[in-house]
Structure formats: structure tokens, C-alpha cells
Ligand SMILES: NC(=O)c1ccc[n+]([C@@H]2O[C@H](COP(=O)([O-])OP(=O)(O)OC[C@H]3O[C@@H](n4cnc5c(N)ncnc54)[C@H](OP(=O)(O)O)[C@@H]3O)[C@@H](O)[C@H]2O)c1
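Take a look at this single chain in C-alpha cells; it is the form predicted alone.
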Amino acid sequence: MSELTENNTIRTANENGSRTVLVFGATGQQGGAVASALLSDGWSVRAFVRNPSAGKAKELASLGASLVAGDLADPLSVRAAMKGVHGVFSIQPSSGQGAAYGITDEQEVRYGKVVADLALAEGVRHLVYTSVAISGEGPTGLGHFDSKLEIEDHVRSLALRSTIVRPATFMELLLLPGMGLDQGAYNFFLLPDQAGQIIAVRDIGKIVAAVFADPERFAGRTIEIASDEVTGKDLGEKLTHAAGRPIEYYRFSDTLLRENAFLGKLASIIDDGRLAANADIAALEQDFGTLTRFGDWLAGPGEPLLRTALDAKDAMVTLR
């Protein structure tokens, strides 16, 4: 296992660098899913964490990951963490997560570029960058999407073997408290008959692990990824079945979308198709195996989130 020395460098003992992937965001949803999938596939995982003593970091260590303390704002710690690794999974805190995270669009771009530049400098053999499922050309007008597109362009400009994955909306995000489930309703962006794609976070891990396993096949590609495609009506029906009680589906009201510029812009780029996602799910399953359908997810890993949302009366915000 690798150990962190006092001067923040890596001491390697019995670790095969050719089978090691450095995972950023390892205590988050995507990074955690990637780290878990890689470990299951027999890779050594070096997890880049700010606080090795945190609960989620300790959970990773218990699964077999090596913890490396560092900060994306400190390029020296990033470079030290990359020493001797085969691959890098690159994800940065999203500027769209709000002021509580203290990340601006400019910082997200800078961190993403630094990771790619240092991967090139350190001779990393394969970088996988996770972006967002935005189709079309040019900016969206939403900073936390456009920041990722700028990082994508930078990654492609480097003489570095890389793959970009563009995940659709996470199933996990659909069950944030406050969407109306405790009142027998569900509010979201889709029109009742409008289709949009979603993905289970664990499928992101599964797909990224497969990409690292076959770099010659996937290098140089930008891959839109999704697990399922649903309409607004589908969401209501599947939630009704999983909850065991009627759940009525509503698109966010026109009044809300007019008054909230951020939500209104999101709705507009869903309506014009740019954010609805355009993954070829059948082709993805040929490459990566069976992916998770929303109904199956609700009955399995999503069940605790569903129960929390159904009972989250204090978190309810009326969005209709």
C-alpha cells in the first residue's frame, strides 16, 4: 500500500503503479462509485482526499484504497499524488453546488486544467474526465456547465491519452427532499410526455472502470452515458409503484420558472434538447453490460433515499 509521508510525498511499497488509478473526489458520489468499481475489478486505488480522518475517507481505506491528503488548490499536492500512477479519474467540486462549497466557475476550470496538465507532466497513461451531458456546440449560459465544457476542450488539446464521460442527471439527485413526495406529488423539469435520460451513480463507476480496463478502445472518445430514459409521466408512475401510494407528477410551474432565472434556464435547455441527454443506451449496454433502470434502482439502492424523501416534511418546498 502507499503511505503519505510528512512532506506530502508518496512512499510506495508493494504497489504496482501500472495498476493504480488516482481518484479525485473519492469521498463524493461519482468518485466514490469509481473507486469502489475499480477496487472490485482488481485495481489499486489512490484516493485524493482533503481529510484522511473523515468518515467517508476511512470507509474508502477499509475497502482497500490508499489515502493521499491534498487540496486541488495546492498543485504540489496534486503532483505528488500522481507519482507512478497508471490512470487518473478527474472530477472537481462543481461551481453549481452553491456558495457553501466556495467554488467559483473560474476555480473549477483552473482545477480541472491543473489536473490534466500535471497528468501529462507526470506521464499518466490514461486520464478519464467526467463532465456533463450537454449536447450541441457553444456555451449554455450556465457557468457550472460551461466550466466543464472548457475543461473538456483543454483535455482534448493535450497530447494525453484521455476519455471524457458525460453523465446524465443522477437518479440520486431526483430524490432530494423538497420535491413534494411527502405530499403525494413529484415536481421536476420534464413535461409529462417529454423524455429525459438519467443514470445511477453506481453505473458511472462501472462504466469508468471498464474504460480504464480497455484504454485502446475508449481513448480519444467523448461518451454520453445514461442508465434509463423516462418521461415526466414515467417518473410519477414509477414513484407511485415504489412508494406504494399515489404520486402525482407535475412539471415546475411557469411562474416558478419565470421567477427563478436559474431554474428557468435549466428548463429551457432541457426543452431545446441540450440537457435532455442523448446517450445511446442500447450501445452502452453492448459495451458495458446491463445498466440500472429507474424502477429497479428505486427498489434497490435508491430505496433509503425514497423513504427519506417521503418522510421529509420539514424539507418540503412547494414548487408547483
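A residue's number is simply how far along the shown sequence it sits, counting from 1. Computed from a predicted model, the values in this text were never measured in an experiment.
The form predicted together with the ligand exists for this protein as well; it is not shown, and the discussion that follows is about that form.
**Q** Consider the chain as shown here, without its partner, and state which of Ser94, Thr140, Thr163, Asn187 has a heavy atom within 4.5 Å of the ligand in the predicted complex.
**A** That would be Ser94.
**Q** Of Lys233, His144, His241, Arg110, which residue is found within 4.5 angstroms of the ligand in the predicted complex when only non-hydrogen atoms are counted?
**A** Selected option: His144.
**Q** With the ligand left out here, work out from 213-221, 120-128, 167-175, 242-250 which stretch has heavy atoms within 4.5 Å of it in the predicted complex.
**A** In short, 167-175.
**Q** Is there any non-hydrogen atom of Gly302 lying within 4.5 Å of the ligand in the predicted complex?
**A** Residue-level check for Gly302: no, no contact with the ligand.
**Q** For Glu237, is any heavy atom within 4.5 Å of the ligand in the predicted complex, or not?
**A** Flag for Glu237 set to no.
**Q** How about Ala116: is it within 4.5 Å of the ligand in the predicted complex, going by heavy atoms?
**A** No, Ala116 stays farther than 4.5 Å from the ligand in the predicted complex.
**Q** Is it the case that Gly273, even though its partner is missing from this view, gets within 4.5 Å of the ligand in the predicted complex, heavy atoms only?
**A** Because no heavy atom of Gly273 falls inside 4.5 Å of the ligand in the predicted complex, the answer is no.
**Q** Among Leu22, Trp43 and Ser62, does every residue place a heavy atom within 4.5 Å of the ligand in the predicted complex?
**A** Per the other structure, none of Leu22, Trp43 and Ser62 touch the ligand.
**Q** Going through 41-57, which residues have a heavy atom within 4.5 Å of the ligand in the predicted complex? Please give them in sequence order.
**A** Going through 41-57 in order - heavy atoms within 4.5 Å of the ligand in the predicted complex - the hits are Phe48, Arg50.
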